[in-house]
Structure formats: structure tokens, C-alpha cells
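Take a look at this one chain, the form predicted on its own, written out in C-alpha cells.
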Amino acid sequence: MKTNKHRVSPSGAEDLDWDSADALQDVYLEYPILPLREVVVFPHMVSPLFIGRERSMRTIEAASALDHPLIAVTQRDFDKENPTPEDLYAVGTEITIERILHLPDGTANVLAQGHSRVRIVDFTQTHPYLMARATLTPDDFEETLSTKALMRAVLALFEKCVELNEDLPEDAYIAALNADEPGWLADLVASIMEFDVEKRQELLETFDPTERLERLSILLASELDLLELENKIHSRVQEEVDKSQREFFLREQMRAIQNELGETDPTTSDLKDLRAQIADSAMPDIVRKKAEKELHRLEGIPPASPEGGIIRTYLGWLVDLPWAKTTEDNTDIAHAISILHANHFGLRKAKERIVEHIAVRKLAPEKMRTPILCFVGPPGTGKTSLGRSIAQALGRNFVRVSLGGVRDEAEIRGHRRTYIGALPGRIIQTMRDAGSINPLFMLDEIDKLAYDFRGDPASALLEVLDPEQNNNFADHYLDVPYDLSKVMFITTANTLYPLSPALLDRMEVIDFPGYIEEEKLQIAKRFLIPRQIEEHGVRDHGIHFSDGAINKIIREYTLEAGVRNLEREIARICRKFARKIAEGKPVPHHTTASSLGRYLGPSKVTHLVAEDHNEIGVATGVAVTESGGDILSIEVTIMEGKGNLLLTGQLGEIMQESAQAALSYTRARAEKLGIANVDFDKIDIHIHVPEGAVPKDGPSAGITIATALISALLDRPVNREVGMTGEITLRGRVLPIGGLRQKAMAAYRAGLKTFLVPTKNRKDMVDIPRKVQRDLKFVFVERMDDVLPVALVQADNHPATN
């Protein structure tokens, strides 16, 4: 900007040559400043302004009193109450106040006439209102063919915008036709169109009229595209509405004609059936009101409407659900016991719990809460099949849902009806299939639930399995409460580890231990063999399995806690027989242990057995496995070295810590143990647990490691017929362990004669079969001092071993 301009006060502005743009550009004029919010005033335009701020009122009053023009400038930040010079744009419009209308609340409506663009040079006053020096920038143009073409193009675009935009006044285009200057036309159109403040200010700051027209034509073209698209969408919607209204009137006329002729409309008939079904159902009042409200909506919707199908499906779910229908419980205890014993062998705890439940329901049917049981045990132990038997004993309908792999919370609670293809969750779907409000509901594989970004299904089950909450279960699809308090829920799991504490707290856990060989033998004879003979069509051919054959299948062809693989092997043999019978070949009536190789091939499983002879540094421990239990030998060898402890055999962190504790106990008790002459800093101790490919962990091998270590250091063998289990402490105490039943069965199968058990596990002896207690000697120990005399062979009784 030039620096040779001279200052002129507004009072002397009338002496200037207003027709000379060059003369005006060399003049500074001093004006009051009127900040505006979200308003841009253009030259030549009359604009109504709403004045509410105190400083703006002072500006208006001062300008009116002195009959001075003002500069209307737009704020950059509309929320600022008292803008500073930095908050205002640098270009505004010189205006004069034509009229002021004061309102009762202290504000005013002002009618302002714009004159010319003004560029603010600097501010001279901030209180009580803003004053600034500015330069007038009137339009300077030459009428060329290009300018005329631009004016015509702008007029054409503006005409189309006025036609499509109902908010624009109809005479706006006429006013634009009368603008004979390009700058005037651009300002007129810009003031009428509903551009945002930034675009309006950009046009105000464009001083060249031709360039202003070019920018305006681009904005008009963009606005016209939006208006044409809106008009197209509006026309399409209007056509659909007109079509729906026409169909509605035609159907009403058809309904009236059918009523006159005595005919019935299928749609009306369906609605009548729905209304009757709702009236006949035993819905609670809150559900009935919801159903009637949806039915009323359905009556006002055209039959072809997609929403009508959604509402019909929803009402169908409400009608089909059992709201009050129940089955009467059979409380005959003798009947329940006979069914449970007929269908299952063993499972004493689970059967006792069910019989107790039936007894309490018989004595207090209205007061007791339905239990929520959780059957936990290895695969194939009869958890799901026992649920069916319980339902049969109680006389309830049985339904089952497998939760394995469920990741979406909506699988439990359902989807909201706003989604296309929405359905209730599995709980409500299964309740409809049950047909009664008190079925036996089995939630299978509850420990296989997973969670991801779609939610946590296990958390959704908290309401289902809580007796305090499930009387008002909320399914997202139904959007009405459903009573699950009369349902008997039974869940199954292979392990409790994945379950959250909150979910586990709502269930009564019943353990399903693995079957011992004698139990598997009875299950095979009573259930598995008769079922497979029947299913393979060989019942009439006198096929018989000897006890020896069944025991060999159990020991050498299966490795499991349950009986699922046992049944598969029996089915393989039955298939061989079925083929021979179909081919007309003779079939042996008796299957013995010696003939199994012809049908099943070589043995698949090798169970560990007791050592053949007493050895130094080798002790027999017992572990719990997925298939029940098994024995493991712990080997210790002593070598010259530097005091290192080597641990091999895929030992977990807890088992490694047990080995270190055993070594620390041995070193601390070296003198009493008779190994004071051993220099531990000059030997290396290697502890190995065979079957190195199998991971092992847990603290219960502590006393076994200590026994093997002390045996190696004393050069005294360990009794091969002694097995042991227990956690060791640094003071030599023996702490209790878990899984005593499985470990005792493993020791019994391996042919051990003596089993060392922590004293605090004496209470678990009730779970040990009587036959095992008779054949296996249990020795209860509290300290390592009790273990060593039994485990180590006396010095004068053993032959020299290497």
C-alpha cells in the first residue's frame, strides 16, 4: 500500500471526487467500526442488521448523531463478545444508517445501506468503540465482451438457482437483470445466495469485478449441482409417497367393495388372526400392550411395505413364545433314581445332587429357587447325556445350546430391530423351541466362549444365570422382559480356568472325574457295546466281547478320562463284523483279547508301569493329565562340575521352582541326611523327567524330586513299588495337592503297592474307589522325614545297583 496518502476525516469526505477511483485510493478516511457476526454486507445492498452488544450500540448512536458513515466488518470468531482488531477481517463495507428501530429489551434493528468496499489500514481507537483508518476501493472496470459473457453466464446460473430454490424470492432474478455493472451484479447475487460467511467474505475481498464474477460463477455452478440433486431426490420421494397413497386409497376402496359383497381380505384376515392370538396368549400386561401397539402400527401400513414384514415377524415371535405354559415336575424320587441309574454308571455326586433337588421341590415347590449347575470334567464323561437324563427324570422338556466359538454378544441377547435380518438371541430362540417356560436348558461348552470387538458373550450370560435378575431377561430384539427364573440351567465345561469369577459365582460346580478301568468296563458292557451292536445291525448274530478284550481296548487302544474313544474302537470292531456278515463270511461269536490285533491293529497307547527293579536316583511320581492320571519317573544324576543345577524334560516354571526348593532342602539338611561330605560346589546335578516332548508343570512333584535327589546323593536306591505326590517346602513340610483320585488311579494301574500322600489330603479319600483302597497302601506323610524311610530301600536290603 502506498505511503503518501493523506488523512481526511469523515466530515470532509463530501469534498472528495467520488467518481475518481484513483483519487479515492490516495485518501485515508477515519470511520467507526461496526463488528458483525455471521453477516457480510455488500456494497449497493440494503441489509437489515440486529444490534445487541453495548459497544455496537454506542457505535451506531455516535455515527447517527454525527451523521457519519461506518464500516461494517465481519468477525473471524463469531463467539467472541468483544472482538479486538485482530479478530476482524481487513476488508469491510462502508455503510450508512437509514433507519434505527429500538426494541424494549435494549437491542435495535438497523437498516443499513452499503456503499463501497473499504480496506482497513490501522485502528485508531478501541474504547468506547472501535475507530479505524481505511481506504475506499470502488469498482474500476472496462466493459468488454468477456465481461458481458461472464454477466450472462452468471445470470443464467442464478436464474436456475432461483427456480430450484424455493427459499429465494421470485423477484431476485428481475433485480439481477437490472444490474448493469459487473461488480454490482456480483454483489447483488452474492448477497441473495445462501453462501457461507467465508465464501461471502472471499467475494467481498475480490476487488476486480471481472475476477469477482468468475469466482461467483464457480460458486453458482456448485450450488446448482446440489439444488438439482436435491430436487431429483425430492421428486423421487414424492413419487413413492404418491404411489403409496394411491395404493392405500385403492385398497380401501377394494376393502369396502369386498365388505359389500361379503368377501374377506386376506390381509384383514391375517390381522384378525394375530389379534386373536395375542388375546389368547398368556402374555404379561406390559408385553400385551407392546404387541397391541405394534399391531395398531401394522394396520396402518400398506401390505407391500417392508416395515410390515418386520412387524409381522416380531409379533410372530411374541405369539410363539411360551409365556406361562409349564410342564408338571415329576417329584417321584424312586422314578428319578431308576432313570439316572439306568442311563449312567457312576457319577455319584451329580446323581445325589439331582435327587436332593427333586426332594426339596417335592417338599417346598413354591419357595425353592431352581439351581444353576455347572458340570465340569474331561470330554466324554457323560455331562451332556446326564442333562438329558435329568430332564427325563423331572418330566421337563430338554433343550440345548452349544456355546463353543460364540464371540458375538448379540448371539445371546439378540439384535435390535433396526438392523436388517435381526433375530432374537439364542436364549429366546431356544425357549420358543422348548415350548414351555420351565424346560431343562443346557448351555454346553461354556468355557469355549470367546470375546472380541463384538462384545463379551460371557458377560451377557451373567443376567441369564443370575436368579436375582433372570426373571426380567432383556433381549434386544424383543425389547420386553422375559421370565427365565423357572428354567433349570445346566452348563458344561471341560475346565473352569477360562470362566470369569462373576460367572463362576452364579453356578454350583459339580466335578465329573475321569472313569477308572472298572467303571469303563461296566459302561462298555451295559451301554456302549449293546448300542453299537444295535446301530451296526449285528444284534442277531450272537456277538460277545470278553472282559479281557474290553480291558485291553481300555488300556492299549485308548488314553482318555471318558469313554468316547472306547466307543469308537468298539464301533470299529462292529464294522468289521458287519462287513463279514454282509459278505456271507463266518463271524466269531466271542471277541477275546488275543484277537483284537486282527481288528484294531497294534496297540496305540503305552501306559507307564512301575520300574522293573530298584534304582538309585529314580523316583516314581504321579501326575494329573487330560486323560485322567499317569505316573512319571524322575531321574537324578550327579556329575563332577561347578555346582550347576540342570533341569530338562519341558518343565514349567512352578516345577522348576519345586526342584530348586528340593535342592535347597537337601543342602540345608545335608548333615542329618548323611551327606555332609558332599561338596555341592564341585558337582553338577541333572534332574530329568522322561517324555521330554510333553510339557509338565505343577508343585506336586516336590517330594518326588527331593527323594530322587537324596537317593542319588546317598547312593541308595528308591523302592520301585512306591509312588508319591506332594509339594515340598524349604523346611521339609509336605503340602496338600489336587487331583488325588486321578493320581491314585494312575498308581493303581501302574502296579504300585504303596502311595505316599500328604496328610491334609486324607479328607479326599472318600473319592477313592474301595477296590483301589484295598489293593493300594496309602501312607500319609507330613514331612520329608516321613517320606524317606518308606521310599528308600534300607542299606542292608538292596543289591548293589549302578
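For every residue, the number given is its place in the sequence shown, counted from 1. These numbers come from a predicted model, not from an experiment.
This protein has a second form, the form predicted together with ligand ADP, left out of what is shown; the following refers to that one.
Establish, in the model of the complex, whether Asn343, Gly382 and Val563 all lie within 4.5 Å of ligand ADP, using non-hydrogen atoms for the distance. Yes, all three are in contact.
Proximity of His541 to ligand ADP in the model of the complex, heavy atoms at 4.5 Å: It does not: once ligand ADP is placed as it appears in the model of the complex, His541 has no heavy atom within 4.5 Å of it.
Test of understanding: in the model of the complex, would Glu567 fall inside 4.5 Å of ligand ADP by heavy atoms? Glu567: contacts ligand ADP in the model of the complex.
At the 4.5 Å heavy atom threshold, is Ile523 in contact with ligand ADP in the model of the complex? Flag for Ile523 set to yes.
Within 4.5 Å, heavy atoms only: does Arg417 come near ligand ADP in the model of the complex? Arg417 lies outside the contact set for ligand ADP.
Answer option from Val399, Leu528, Val287, Leu220, heavy atom within 4.5 Å of ligand ADP in the model of the complex: Going through each option in turn, the one that passes is Leu528.
Note which of Pro138, Pro322, Gly649, Pro378 lies within 4.5 Å of ligand ADP in the model of the complex, where distance is taken over heavy atoms; exactly one does. Comparing distances to ligand ADP in the model of the complex, the residue within 4.5 Å is Pro378.
Any idea which of 345 to 353, 80 to 88, 96 to 104, 290 to 298 reaches within 4.5 Å of ligand ADP in the model of the complex, heavy atoms considered? This holds for exactly one stretch, 345 to 353.
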